[in-house]
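One chain comes next, on its own, written out as structure tokens in the form predicted on its own.
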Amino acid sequence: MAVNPSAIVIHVQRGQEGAAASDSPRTRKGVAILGATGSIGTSALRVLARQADRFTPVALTAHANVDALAAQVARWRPAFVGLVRGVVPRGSNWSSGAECLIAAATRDDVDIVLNAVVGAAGLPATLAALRAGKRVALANKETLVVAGSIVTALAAAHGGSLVPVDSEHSAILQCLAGRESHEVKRLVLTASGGPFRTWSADRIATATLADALKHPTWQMGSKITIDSATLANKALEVIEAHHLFGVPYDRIDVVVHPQSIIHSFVEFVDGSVLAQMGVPSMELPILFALTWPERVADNGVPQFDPVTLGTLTFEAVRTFDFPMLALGITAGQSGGSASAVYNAANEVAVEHFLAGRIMFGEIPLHVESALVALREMSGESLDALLAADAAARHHVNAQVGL
């Protein structure tokens, strides 16, 4: 059955808001933060500290950062704690293994699941939360890249909802303000351009890890920072926008905006263009994902001062010098398993770059090789998509010699 993602995500969410207001006996909404020790997770906890009368963290999970998670547990005393990898502290009642993400996401005392897990590993928890009828504040864009149509259909079938946390998609949601997808002519996502915006192609190809981790405007984890440097992150966001808002790929554009003040534009069929602006802080879209469709007072983000911020500039994307953008958008347009292959191959290639096994310029070569080699793989079911994901990871590892 064909579905309209924007209608599903927005309409179901509104219905859920009404139910939550009338049926929930709790005065504060319980939040599960998956990936609590990462940049999004720690930002979310700062938001929750300021909004303690509305929300409480009842479940926290981390990938492997035991010490940081232990400090958060001491501060927040959540009912559930999970560690995906590593040894849990002696005498604790922490859960362990990948299953802890699903356990946290489906608890009865959890109203909102903030999924900030890095990579495709976040997909099972999103699916489980939607089956349980939860609101998913989605910072794990790979969920929709790998299995967008499956995820949106599941949200519709079980009454769950998706609210984007990425600043670009939060901006689009704010600009749409309930408008229908047929009223939208075009979406324009902005990109900072990353640390290599002004570099030549030859210089980019030999960039060091230290170079790639110097993002000009955002403080993020290492994987997403590398994705921003290659512009793979922007390709993932285009795919995510397609699934979230039901807009065809040929009506989603990307423009470089070095100041990162305008987070996205929406152009409507009558020619009007709306833009959402704000200082580069993930705390604003996190708060909006928790409270949507309401807006609540918050003092965490600096006041917007257009005079201090000064001139805003825009540039065309140098697609030839940043091939990961076109590779990802083409994968999304191709359908089937191509997006899953693109995402998995990129994840593994970035891991190898972070480990010093390949050069920065080799990342798109490995991803393109996987897309070509696995272009016939099916994407008809979740199992088929997961098989394509595994095949892409094996392909890149084999190319690197592992």
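Since we're looking at a predicted model, the values are computed, not measured. Residue numbers here begin at 1 and follow the sequence given.
Quick note: we don't show the form predicted together with a small molecule, though the next part is all about it.
Among 255, 220, 205, 277, the residue placing a heavy atom within 4.5 Å of the small molecule in the model of the complex is 220. The partner is absent here, but in the model of the complex a heavy atom of 63, alone among 29, 366, 63, 352, sits within 4.5 Å of the small molecule. Taken together, 37, 40 and 140 are fully in contact with the small molecule in the model of the complex: each brings a heavy atom within 4.5 Å. In short, of 141-149, 156-164, 312-320, 259-267 it is 141-149 that has heavy atoms within 4.5 Å of the small molecule in the model of the complex. At least one heavy atom of residue 118 is located within 4.5 Å of the small molecule in the model of the complex. Using a 4.5 angstroms limit between non-hydrogen atoms, residue 224 touches the small molecule in the model of the complex. Of the heavy atoms in residue 84, some are within 4.5 Å of the small molecule in the model of the complex.
The closest heavy atom approach of residue 101 to the small molecule in the model of the complex falls within 4.5 Å.
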